[in-house]
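The form predicted alone is given below as one chain in structure tokens.
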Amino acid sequence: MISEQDVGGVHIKYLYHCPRQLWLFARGFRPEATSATVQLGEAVHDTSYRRAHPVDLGSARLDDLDGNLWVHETKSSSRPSPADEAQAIHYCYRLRLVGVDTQGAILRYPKTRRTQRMPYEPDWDERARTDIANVRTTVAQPLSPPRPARTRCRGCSYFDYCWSQ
């Protein structure tokens, strides 16, 4: 069983993207290393905002925290998603747990040169706690959740596992 402290940003992202992906990831199934999509994301991350200093919170690792206490996350996708927002909210929550009163999060999308500023909102802490509980519930299931519609799986590093015969 995964503890609350063990829930990281990737867990939150996978919860929103695909509970089956989360379930497999939590059991150590990690095909991301061979995924071209993941490699592209790592390249975007490595070549964008080089002055950023990653902050390691144990199971969570955010891209940067500036002097004004804004969490910065760089995304390889071209548009914002609920998973990106939930991950940023999770990082703000984790920082607040250790006494850092973040101002919010800034999501950067270098591919489209978009930036989304998310000022901290009082209901974020409750949302983050709910997301953590949902991660723990999903991971604790004895069987993997059903796969979503095939169209949602395009580009997923778990595609071969879920859709091979």
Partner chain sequence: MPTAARTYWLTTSCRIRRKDQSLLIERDHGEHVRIPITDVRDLIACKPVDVNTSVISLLNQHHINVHLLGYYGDYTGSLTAADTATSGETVIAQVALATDPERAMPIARDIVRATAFNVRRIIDRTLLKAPYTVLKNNTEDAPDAASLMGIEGNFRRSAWEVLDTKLPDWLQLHGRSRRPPKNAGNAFISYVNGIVYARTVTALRLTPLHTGIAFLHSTMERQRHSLALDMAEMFKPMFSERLLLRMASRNQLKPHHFDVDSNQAMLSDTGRKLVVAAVRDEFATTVNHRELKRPVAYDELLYLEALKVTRACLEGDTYKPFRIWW
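Positions refer to the first chain, counted from 1. The model shown is predicted, which means the values in this text are computed figures rather than measured ones.
The protein also exists as the form predicted in complex with its partner chain; that form is not presented, and the subsequent description refers to it.
Looking at 117-125, 58-66, 25-33, 95-103, the stretch with residues near its partner chain in the predicted complex, meaning non-hydrogen atoms within 4.5 angstroms, turns out to be 25-33.
At a distance threshold of 4.5 angstroms between non-hydrogen atoms, His17 is out of contact with its partner chain in the predicted complex.
Looking at Gln39, you'd find a heavy atom of it within 4.5 angstroms of its partner chain in the predicted complex. Among heavy atoms of Arg154, none comes within 4.5 Å of its partner chain in the predicted complex. Although the partner is absent from this view, Cys162 contacts its partner chain in the predicted complex, with a non-hydrogen atom inside 4.5 angstroms. Site residues Met1, Ser144 and Arg150 are all in contact with its partner chain in the predicted complex, judged by any heavy atom within 4.5 Å.
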